[in-house]
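Just one chain follows, in the form predicted alone, and it is written as structure tokens.
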């Protein structure tokens, strides 16, 4: 028995690598000095897509345009990029936006090309916490962006938050959660991510700003309690939603469905083969322009490794994993709960998810065989 996955699921991810400012914790493939390449970059992405469709790529069941800051692109250009993705009639289509670059024109153009979900990067609503993250935010921008999302008529949206930043107190985190839940309209989905230290970032070089694990655990418990009381249930470790508002694209990835990435640094997965594109904007654009394949590397996973990764991903979700994939030992007490034939992480188990993951096994094999 394995976690459920749908054979007709195909996710498409489009990477937009432009930012107006790079946050201190960010290790993504983004640039603040390449705005002059926006038009050429979108053309390259569209050309890469067209080649994929000529080679038989199926229509997408979910689309996610992320970055970077997709909303930095001129509205017409971003709409053209989204329109280039061929998708099924009922596809979920998500675009990441920053509050400061979210305008009515942008949202209306996105709605008109089939976008039905906005992912709004907020991180915090407390100014000194944002300062500690090296993040800029215009006062009132979040409330205005959410108001516009409601007025333009998107059926769903999510707000992304980060906890554990330097200078943040329990009161600050509670204030952000409360303020987000009182936005109008109230977000039906909230993502709450623990701040992580990525190598090579300004945050990594400043140990005084590194998060404390115990503090982050307390913040997670607070988020779980506050969001659950507001009707948003966890469905993945860092994601909480009202019924019917879970992100289908992310769910498909956690179920190990196939997905195709377009743009620089974009990753793809198909039947156990993972690949990734050239990271540099300039080199990616040049490669597509001269007819070269923009793939920079790939790896092929064994069936056993695929099965184990599928379990690792499923354990992160409220779907859980088959009961026979975790040992029935006292050390599991209080970390998982049985629901029929599956085991699902308890709140305490979610705090110790990495430790539980180490105890997963694929029936009929052992970790030593997985390489």
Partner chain sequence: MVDIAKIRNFSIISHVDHGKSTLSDRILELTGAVDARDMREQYLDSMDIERERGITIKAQNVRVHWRDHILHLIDTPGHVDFGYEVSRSLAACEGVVLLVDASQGIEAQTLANCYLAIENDLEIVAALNKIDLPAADPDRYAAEIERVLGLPAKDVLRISAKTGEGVDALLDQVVARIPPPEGDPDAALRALIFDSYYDQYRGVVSAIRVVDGTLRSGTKVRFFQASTTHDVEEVGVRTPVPVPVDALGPGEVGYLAAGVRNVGEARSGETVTDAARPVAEALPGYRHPKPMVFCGLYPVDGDEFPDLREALEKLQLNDASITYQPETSTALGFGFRCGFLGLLHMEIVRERLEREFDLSLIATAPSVAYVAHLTNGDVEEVDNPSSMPPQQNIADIEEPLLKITILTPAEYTGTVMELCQTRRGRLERMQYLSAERLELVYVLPLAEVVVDFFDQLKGKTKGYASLDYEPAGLETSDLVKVDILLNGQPVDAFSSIVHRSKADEYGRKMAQKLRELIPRQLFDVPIQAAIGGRIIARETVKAKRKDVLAKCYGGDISRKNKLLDKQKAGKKRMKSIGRVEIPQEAFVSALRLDD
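Computed from a prediction, not measured in an experiment: that's the story for all the values here. Positions refer to the first chain, counted from 1.
Not pictured, yet referred to below: the form predicted in complex with the partner chain.
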- Query: Is there a heavy atom of residue 338 lying 4.5 Å or less from a heavy atom of the partner chain in the model of the complex?
  - Reply: no
- Would residue 86 show up as a contact with the partner chain in the model of the complex if we use heavy atoms at 4.5 Å? no
- Mark residue 102 yes when one of its heavy atoms lies within 4.5 Å of a heavy atom of the partner chain in the model of the complex, and no otherwise. no
- Message: Taking any heavy atom pair closer than or equal to 4.5 Å as contact, tell me whether residue 319 reaches the partner chain in the model of the complex.
- Response: no
- Item | Partner-contacting position among 112, 213, 131, 206 - heavy atom within 4.5 Å of the partner chain in the model of the complex | 213
- Item | 173, 284, 262, 254 - the one with a heavy atom within 4.5 Å of the partner chain in the model of the complex | 254
- Task: May I ask whether 143, 147 and 233 all come within 4.5 angstroms of the partner chain in the model of the complex, judged by heavy atoms?
- Result: no
- Within 4.5 Å of the partner chain in the model of the complex, counting heavy atoms only, one of 47-55, 34-42, 305-313, 319-327 shows up; tell me which. 305-313
- Sequence order please: the residues of 50-78 with a heavy atom within 4.5 Å of the partner chain in the model of the complex. none
